[in-house]
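Next up is one chain by itself, shown in structure tokens, the form predicted alone.
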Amino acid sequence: MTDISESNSHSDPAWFDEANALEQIDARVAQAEHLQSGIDYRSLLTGFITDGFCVLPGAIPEILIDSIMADFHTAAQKREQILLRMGGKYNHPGEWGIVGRRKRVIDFYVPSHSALEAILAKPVTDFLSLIYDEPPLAFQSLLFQYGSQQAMHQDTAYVVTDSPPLLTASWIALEDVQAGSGELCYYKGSHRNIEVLFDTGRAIWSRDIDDSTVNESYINRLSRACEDANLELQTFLPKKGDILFWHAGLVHGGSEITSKDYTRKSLVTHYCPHSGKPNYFNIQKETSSKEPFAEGFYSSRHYDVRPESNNPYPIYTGGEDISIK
């Protein structure tokens, strides 16, 4: 089931989308307290505002990434502690082994403390706090072993919160990414003035309401709009530990995998302000919770993260299939 909230299409603009956003950067950075030294947050904000994305090289230590991957392989062997998504379905990885093409592990920051440390590392929470004027809430993640080859899209069409302009994502490279691995690609500057609705007139796609042709039409028209605007299509070839942050309106996807020998290990996370609310909070009111960690917060649709639950296994309430044994 795709979460739907019609309020997702109506929200005041974020400060970084205002006409004078670049003029606000110096004051916002100067007013921020305890930012990590050695990081040029002014340049990061400038890139985010102008291009729709920015890159922070080497932000996650290699030892932490190695710990994430060790957790990943351990959890894959235990299997019952992780949740996979493929083709719109959530699945227990009984047939999966250690790796699986076109599969992604959901909310791995719950079973992996190392993944939680990475997605709420200080450079991450510092940058997002500058974006939000408050601490961030990490509310969804996807861990990839291989390139997704996902069609070009904007996150607001599929990831629903009560304040779409403030939806933000991070992409952490868990290895050096090679050309041909299905690397991340995006249209630079597409977060500005590229707005395509589904044929239904809605800004959000629903698996329960819309058939695949509605989604395909949206994807085709979105890519064509970027091409007609002469926007540059770029690919991301990061080094292990690099982070890319992107704006909710950035049109992005996964390149074609042309070398089957290459993996593209990565960890993608979606965030909103701590005061915000992912739409699953409206559906799973009893188990939804915002838990503090470091200088941010986290929640999960698929795990009960409340301390009193003490439940290490994925949970699921919704319309899609799942087999957890």
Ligand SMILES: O=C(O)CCC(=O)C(=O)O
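From 1 onward, residues are counted along the sequence shown. Keep in mind that what you see is a predicted model, and the values were worked out from it rather than measured.
Quick note: we don't show the form predicted in complex with this ligand, though the next part is all about it.
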Subject >> 253, 264 and 268 all contacting this ligand in the predicted bound form, non-hydrogen atom within 4.5 Å >> reply: yes
Subject >> Residue stretch of 220-228, 199-207, 148-156, 124-132 approaching this ligand in the predicted bound form, non-hydrogen atom distance within 4.5 Å >> reply: 148-156
Original post:
Which one of 76, 233, 214, 142 is close to this ligand in the predicted bound form, taking close to mean a heavy atom within 4.5 Å?
Top reply: 142
Subject >> Interface residue in the predicted bound form among 72, 171, 187, 109, criterion: non-hydrogen atom within 4.5 angstroms of this ligand >> reply: 171
Original post:
Is there a non-hydrogen atom of residue 245 within 4.5 angstroms of a non-hydrogen atom of this ligand in the predicted bound form?
Top reply: no
